[in-house]
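Below you'll find only one chain, the form predicted on its own, shown as structure tokens.
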């Protein structure tokens, strides 16, 4: 199986949105909205195409990672950092190392371009394998001063966050309130562009 990793082009957009839908469908809630987030990111000012990557097999998109600008607000001012999301792999191609390749290659690319650090909210059992540590390790909190295991960070440059304390802020595009009626109407309308998948209520869902 020949997995190719490359930068995302506009021609990849629909396929990546479909991959995101398949990857997250019924995972965290009945249905999902991650594919709508991907769609909104394409034209968002925070989106960074230079380090966002797609994985393909025989020319077909099977995974992707999308990066965005974020910041840490400190008493001494703002520090520019990165966040990413979603990182997604088509369920038919999971457990083949595709997510790992996307993550490592994009992190290496970001480091070479001089970015300082990455902060994410992700699966606590997955990202520590790649060096991510809980945000409290760095003295960083969410805007409401909270911390939790899923909130993690990684220094792309040695000691980039040494002596830094502050609060993490991501772009408004990541504000996906599934309890907002108008937002969910937009999600459901957007979902009509893709093959039908049944929504299910499952015990592990948390959203």
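All values reported here derive from a predicted model rather than from experimental measurement. Positions refer to the first chain, counted from 1.
Heads up, the form predicted in complex with a small molecule isn't pictured, but that's what we're talking about next.
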| remark: Of 136, 92, 73, 125, the only residue with a heavy atom within 4.5 Å of the small molecule in the predicted complex is 125
| With the partner left out of view, is residue 77 within 4.5 angstroms of the small molecule in the predicted complex by any non-hydrogen atom? | no
| task | Please run the contact check for residue 24 against the small molecule in the predicted complex: heavy atoms, 4.5 angstroms, yes or no? | result | yes
| said: Considering non-hydrogen atoms and a 4.5 Å limit, does the small molecule approach residue 98 in the predicted complex? | reply: yes
| query | Might residue 87 be said to contact the small molecule in the predicted complex, defining contact as any heavy atom within 4.5 Å? | reply | yes
